[in-house]
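Shown here is one chain on its own, the form predicted alone, set out as structure tokens.
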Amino acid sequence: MSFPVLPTTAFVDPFGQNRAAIEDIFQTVTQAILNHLTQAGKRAPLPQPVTTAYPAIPEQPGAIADLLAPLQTIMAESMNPAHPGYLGHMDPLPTTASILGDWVAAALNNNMLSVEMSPVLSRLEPLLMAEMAQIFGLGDRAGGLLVSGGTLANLQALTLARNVKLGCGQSGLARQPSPLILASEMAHSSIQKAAMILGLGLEGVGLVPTNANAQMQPDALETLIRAALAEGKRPFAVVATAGTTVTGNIDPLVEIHRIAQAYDLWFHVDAAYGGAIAFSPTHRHRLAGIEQADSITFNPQKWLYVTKTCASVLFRDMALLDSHFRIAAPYMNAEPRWTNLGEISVQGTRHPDVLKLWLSLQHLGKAGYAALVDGSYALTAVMVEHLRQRSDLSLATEPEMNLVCFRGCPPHLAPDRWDGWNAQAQQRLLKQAQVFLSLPRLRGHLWLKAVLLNPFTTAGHLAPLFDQLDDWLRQG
């Protein structure tokens, strides 16, 4: 086929006819990326976009060189998680290996739908996921899948839970008496989204009260289960959280599992963020009980520093996916020893995220990730000590991970004005100290949240933050 209208660089010629031109483009973009990443500490952690208009789709092809200037603008105005003052969310700077893996995966453009369409990576993913499941202690029958985000991981886990516990994979929910998922009132919003998608509605999630440390109360869980059964409802799953989004707290997993087992409920642990603690021999005891889970959500795109997206859902018994979820696709060839992952996943076509995850794990190793987790805890201790020295700053909970949620309580202001002070403090820190803290709402009020995730953030970056807060507390 011949397409005179197309630029000669529209595709990489598989016989190398345009290699020199493509190489120039790749080198130019590589330099732009390197310049961006190696100067990230000199730019704001959260730039304010100036660009408000973008060119419309042109009628005719254009020169690719003309696209490099907009790329520079996009990079300069994007969120900058590499800055040591970017502390607002669970968004890390990426590992070098995961950047390379993403680039190679994009070039290969394989489809994780089937083994035929991704012959190497469709074999690598189940092997790596089985190894990850062992890190959590799930047993020899365990494994998992990579999905595009924790929301889909929770959806996949709860779909399987519904099908297994209610036996409704074939007949649906028409004959089911009000199925119910139990989850903490601090659980991620994706649990309620999953309930809507599964046909349960928002009322299909029973929200369990939490204690002062934002942890699910086991007694309250059992009370809700008994009340639901008395009302003719059918509880089938309980979701525990290992690392709440706002405060980073961990539900009492051992006790929740005991209750789930007593009432024959599927036990799912949303460890999208906190699952990384399993890599640390020093801190993995905080996840005690996770080894009893029927399923686990874990996102390497967070505390393992892998480029987005990279999320996983792990199962104690992978065979349940075959018996209660799998839909065979007649257009995909079958392999005797390997599963077509698109048949057992919520997603069909998927980006091959396994490559960047595998490369990152190979590059940093378990010891490297343990050091990163331990370093985050050490820096958290420094920040907590700063807070304990200041009576005008109040912690939301006792931190259990590298999240610190706090707020200013200026004594010279009425309590109903504290929200406004904290909102102003967030903006002042961003503009005057190059520090970005997020501003979540908790218990009806605004709080400041720091996620001590960046390996280049040091205690030296925290002292000026508190100096600024001290000044503003004095000034009012």
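This one's a predicted model, so the numbers in the text were calculated from it and none came from an experiment. The first residue of the shown sequence is 1; numbering continues from there.
Here the subject shifts to the form predicted in complex with another copy of the chain, a form of this protein not shown in this document.
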Check for me: heavy atom within 4.5 Å of another copy of the chain in the model of the complex, for each of G206, M318 and Q424, yes or no.
no
Looking in the model of the complex, any heavy atom of D392 within 4.5 Å of another copy of the chain?
no
Given that the partner is absent here, does P49 sit within 4.5 Å of another copy of the chain in the model of the complex, heavy atoms only?
yes
Would you classify D102 as touching another copy of the chain in the model of the complex, given a 4.5 Å non-hydrogen atom cut-off?
yes
Tell me, yes or no, whether R350 is in contact with another copy of the chain in the model of the complex, where a contact means a heavy atom of each within 4.5 Å.
yes
Proximity to another copy of the chain in the model of the complex, single hit among V384, A220, L71, I259 (heavy atom within 4.5 Å)
L71
Sole residue of S323, N109, N211, T282 within 4.5 Å of another copy of the chain in the model of the complex, by heavy atom:
N109
Per-stretch contact check against another copy of the chain in the model of the complex, the hit in 156-164, 289-297, 212-220, 393-401 (non-hydrogen atom, 4.5 angstroms):
156-164
In the model of the complex: members of 145-169 within 4.5 Å of another copy of the chain, any heavy atom:
S148, G149, T151, L152, L155, T159, R162, N163, C168, G169
